[in-house]
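The chain that follows stands alone, in the form predicted on its own, written as structure tokens.
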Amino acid sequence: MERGFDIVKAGHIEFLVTDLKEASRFYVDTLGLIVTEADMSHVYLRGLEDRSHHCLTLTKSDAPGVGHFAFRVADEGGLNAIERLAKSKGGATRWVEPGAEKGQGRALLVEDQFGFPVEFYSEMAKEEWMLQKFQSYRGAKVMRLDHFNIMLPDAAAAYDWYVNGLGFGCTEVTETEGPKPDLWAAWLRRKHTCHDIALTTGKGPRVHHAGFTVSDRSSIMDAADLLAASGYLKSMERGPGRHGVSNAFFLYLRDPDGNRIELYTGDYISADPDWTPVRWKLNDPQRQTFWGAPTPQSWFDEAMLVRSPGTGRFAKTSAPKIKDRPDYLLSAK
């Protein structure tokens, strides 16, 4: 299928925060992300492996949440094709002029048919590559943004959009039990790793987390020690542990506003053209945590609201079309 565009990878995400100073203390002073640029309303951050201006923007806001998340496209010409496709599916679009988001060229902001604010861009200012500037490694030693995880009422409909519309490949899925299982979640990729975006069933549209790659498991353990010693004990929501899905080692954190990130390392290469998706059942305890530890209820109940580009307000959420958690948590809901 000739689409006229080539999405390269998950590019960046904008977190809305109520206190830039406190957010910077968490992301910069403690976790070690690098400040590329800042003003009175924004802090633009990147990881040690990033060659581009930012992978995370902190934006001052009255309430926490997500302003948008973004995918990088191979060339700017592909943005026009994405605009046509998005409109054909009922999405609303507007163009973001170069420099309106610091360091970024012309971009297309889509409020998609599911209510998510998704930006597509090609050009971004180049920054110094810090990979071998080992004297600058601090905190969690964050390398780069890896993926987004979003929650929405109908994961199957979003799967069709991302796979058949935008050209993502599927590496793993979670299904409900029974002779005719429903798709509960899917891990989709453009770069050759486990995923760039995960689609999960739940009240939405909401963003569950943004995943950031760190160099190794020791970085996660060191980050946990540092967070505990720096007054962020309650920020550690889940882990450290190993996922069944993705095989990655993880630690989930909540920033001072409750926005959720994942420190993530150790997934796999999925470049083979005959890749067959790994299939999991929703009630399999090793799916989310390979060691079998239960996932906290906050994992299913809490996620980040998304800001509508059209209204500037948070998008209204709807209930999931199928059950939103494993059976072992339904009785405790």
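Everything quoted here is computed from the prediction, not taken from an experiment. Counting begins at 1, following the sequence as shown.
Another form, the form predicted together with a further copy of the same chain, is not on view; read the next lines as being about it.
The chain is drawn here without a further copy of the same chain; in the predicted complex, the stretch among 110-118, 178-186, 241-249, 150-158 whose residues come within 4.5 Å of it by any heavy atom is 241-249. Under a 4.5 angstroms non-hydrogen atom cutoff, a further copy of the same chain in the predicted complex lacks E302 among its neighbouring residues.
Although the partner is absent here, V278 is a contact residue: one of its heavy atoms lies within 4.5 angstroms of a further copy of the same chain in the predicted complex. Proximity of D62 to a further copy of the same chain in the predicted complex falls outside the 4.5 Å heavy atom cutoff. In the predicted complex, a further copy of the same chain sits within 4.5 Å of a heavy atom belonging to G292. Among N259, Q104, T201, T193, the residue placing a heavy atom within 4.5 Å of a further copy of the same chain in the predicted complex is T193. Contacts to a further copy of the same chain in the predicted complex (heavy atom within 4.5 Å) from stretch 96-129: M124, K126, W129.
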